[in-house]
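Presented as structure tokens, the chain that follows is alone, the form predicted on its own.
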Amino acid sequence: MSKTIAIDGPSASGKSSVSKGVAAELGFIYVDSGALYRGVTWQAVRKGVDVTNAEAVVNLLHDSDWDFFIQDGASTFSIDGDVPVQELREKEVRENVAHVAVIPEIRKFVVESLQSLEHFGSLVMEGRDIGTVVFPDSPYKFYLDADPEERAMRRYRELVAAGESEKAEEVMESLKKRDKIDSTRKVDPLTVAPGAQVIDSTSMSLEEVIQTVVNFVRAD
């Protein structure tokens, strides 16, 4: 029987690295739920659609052709035949995705798309509302967190490694802004799911966090 592991948490809390590690160790499919929101944002940016115009973004979604498939152990997708990968991490997409993620119709599309991925098999899905909205009945729910300063440094190091030159202070302000938007939005705000195991990774190594999740799932 397939299983779905829900891993939620704020930006730069380690969700991606932990989820990929857990998926690799258990042989599950890795799913980055945020990629779908970034995909909609990328489509809007490249089509010249104002991301603050909810109606225009929703109309664009309806006019776009999405296809989901598994590649290298991870769920991915194409939009109108194009498969965005690095494009989803571009600064313009990062800075505008929060506007798209608060649109109810977009959230409904993403939630339903994520739920449909279960037919591919066992999943490790990371996001902000996986345990509260997408798979609330999963017995494997985790909430990753870390001190804001530590999260900012993690994101800063990621950006430097990717060739970005944003300063640590700018990254911190960006994270604070995203945290506020995520936790105060009217639809599916970021919160700890009932029954979720909270993991503070501030002083934990990546491997320690991965093993905490894996051991919990294997003990079931």
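One rule holds for the numbers: they count along the sequence shown, beginning at 1. In this text, all values refer to a predicted model and were calculated from it rather than measured experimentally.
There is another form of the same protein, the form predicted together with cytidine-5'-diphosphate (CDP); it is not shown, and what comes next is about it.
Query - is_contact(Val124, cytidine-5'-diphosphate (CDP)) in the predicted bound form, heavy atom dist at most 4.5 Å - result: Close contact is absent here: in the predicted bound form, Val124 is far from cytidine-5'-diphosphate (CDP), nothing within 4.5 Å, heavy atoms only.
Query raised in the report: Using heavy atoms and a 4.5 Å limit, would one call Lys108 a contact residue for cytidine-5'-diphosphate (CDP) in the predicted bound form?
Result: Output for Lys108 is no: heavy atoms all beyond 4.5 Å of cytidine-5'-diphosphate (CDP).
Query raised in the report: With a 4.5 Å heavy atom cut-off, would you call Ile103 a contact of cytidine-5'-diphosphate (CDP) in the predicted bound form?
Result: No, Ile103 is distant from the partner.
Query raised in the report: Any of the heavy atoms of Val22 lying within 4.5 Å of cytidine-5'-diphosphate (CDP) in the predicted bound form?
Result: Taking the distances in the predicted bound form, the answer for Val22 is no, it never comes within 4.5 Å of cytidine-5'-diphosphate (CDP).
**Report entry** Residues from 15-31 in contact with cytidine-5'-diphosphate (CDP) (non-hydrogen atom within 4.5 Å) in the predicted bound form
**Finding:** Lys15, Ser16, Ser17, in sequence order.
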